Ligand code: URA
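Just the one chain here, the form predicted on its own, laid out as structure tokens.
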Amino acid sequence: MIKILGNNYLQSLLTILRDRKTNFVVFRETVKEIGKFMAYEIAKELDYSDVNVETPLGIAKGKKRDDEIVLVIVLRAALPLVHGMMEVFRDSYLGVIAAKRIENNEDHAGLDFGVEISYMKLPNIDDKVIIIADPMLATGSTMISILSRLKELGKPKRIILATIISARPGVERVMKIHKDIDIYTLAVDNELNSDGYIVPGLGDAGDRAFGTI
């Protein structure tokens, strides 16, 4: 399942990110804000139980979230996105993955780039809802590798990929191999350039968030 979050406020934040004139401080804070509101959208579709709670004056009916959450940061671009999500999922566990696409055109064919996963540290993921945060889903090569490795470590209840912009070719590749995941995104762009970057996209999310080149 792919869900495009099309409400006007989130789309206005996305417009700020796309603008090449947006400086890195504003860019980073905007990604964080998107993470918070994206977490609200994800939270709507989690499992809850009916409970009774004692107020100072009586008993009221309420809701309690049943799902345990593991937020997974794909370094480094996802750091501000996860910081925003943690404002909603304050009791979440946290996992960290360092992964990068091997940027060598001689070593890939089409969209199939090599991927190096140099670090992975996760809590127990069995029966938990895993939310993998990565602002850009481009060719899908990195995410396919991450999902395959993650599934070797346990059996989560559900896997959600939280992105800001996804490329249609990458979405199709990921969901062909990993049919059981859900993708939340603000936009699906149709094109990738010859280097595997999303067009029009927003550029390199990590560089733009941290002021690097």
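Numbering starts at 1 and follows the sequence shown. What you are looking at is a predicted structure, and each value in this text was computed from that prediction instead of being measured.
There is another form of this protein, the form predicted together with this ligand, and it is not shown here; the text below is about that form.
Listed stretches are 115 to 123, 90 to 98, 135 to 143, 67 to 75; the contact stretch with this ligand in the predicted bound form is 135 to 143, by a heavy atom cutoff of 4.5 Å. Under a 4.5 angstroms non-hydrogen atom cutoff, this ligand in the predicted bound form lacks F24 among its neighbouring residues. Counting a residue when any of its non-hydrogen atoms is within 4.5 Å of this ligand in the predicted bound form, there are no hits in 1 to 39.
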